[in-house]
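Single chain ahead, by itself, as structure tokens, in the form predicted on its own.
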């Protein structure tokens, strides 16, 4: 629990987390057990090898999240830094830079952030980042003025990547917890803003996901939702029978109109479409920091408007929605 304690200590001073803090810590303690997952000691051994002084300039509001030491380490220390960061591959989200080492991640997350950053004001907001990966967006939220960010992702590698980077950034107001959304206590709404990006289409029940997010938000809380969509009207949805873009855990790709309807059904209001964009090759691609396959491999080589399975090319929508200030329930039928 060592790596999470500074964040929990920070939240302990925030009144709106009084009811949720203890069960949140218990949820982390239940899963963060080396005996349950052999990757925990493997990756945390890399994190614990960090031996650079964390005094330097941190930039969280630029496309490349960066740390530049006041006294740059010797060449051999830079080599060790690169070795450690390579040991934590693949880097799917970024980009980051630590001193002279640039982590050119598979996803150019700065491009997505540019599409959503003006959708709401993060200033002094407490944010929950669902399916956060290594915390790139969480750190950008802090750079945009958020009071805190509770990032959650069940991937041990994502947690380790964040903790390694945070040895340099030295932030107590943000962390990545090894949790899925269903692990987060829901009976005490605590967050002002939720961001859920690239998660909804992996859920067998999109309504459970949206309703669970609503439960985590305080009255009047705000949501940024990003997911894969297809063209069509309010009745249009793609349910891939097998894979979509080589992913076997994709369930529902709605039209934008249907997605708006889902949000209303799940109890949100003030819904706005922030962005609709096709994923391009300069936004998701192979780099030295992510081997294997990427977007080029997921598309039909003879028809770039289709996935390799023949589905429409990946198109992503970002929507804004708000939890009502008070519950709005449908009137009961008088029978």
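What you are looking at is a predicted structure, and each value in this text was computed from that prediction instead of being measured. Positions refer to the first chain, counted from 1.
The next section is about a form of this same protein that is not shown, the form predicted in complex with a small molecule.
Visitor: Taking 4.5 Å between heavy atoms as the contact cutoff, choose which of 172, 236, 155, 79 touches the small molecule in the predicted bound form.
Guide: Checked against the cut-off, the match is 155.
Visitor: 199, 250, 144, 120: which sits within 4.5 Å of the small molecule in the predicted bound form by any heavy atom?
Guide: Contact with the small molecule in the predicted bound form is made by 199 alone.
Visitor: Answer with yes or no whether residue 182 is in contact with the small molecule in the predicted bound form, where contact means some heavy atom within 4.5 Å.
Guide: Yes - in the predicted bound form, heavy atoms of residue 182 and the small molecule come within 4.5 Å of each other.
Visitor: Whether residue 164 contacts the small molecule in the predicted bound form should be assessed with a 4.5 Å heavy atom distance threshold; does it?
Guide: It does not: once the small molecule is placed as it appears in the predicted bound form, residue 164 has no heavy atom within 4.5 Å of it.
Visitor: So in the predicted bound form, does residue 140 come within 4.5 Å of the small molecule, heavy atom to heavy atom?
Guide: So residue 140 does not count as contacting the small molecule.
Visitor: Please determine whether residue 254 contacts the small molecule in the predicted bound form, using a 4.5 Å cut-off between heavy atoms.
Guide: Residue 254: no contact with the small molecule in the predicted bound form.
Visitor: Counting only non-hydrogen atoms, which stretch in 81-89, 237-245, 127-135, 260-268 is within 4.5 Å of the small molecule in the predicted bound form?
Guide: Within 4.5 Å of the partner lies stretch 127-135.
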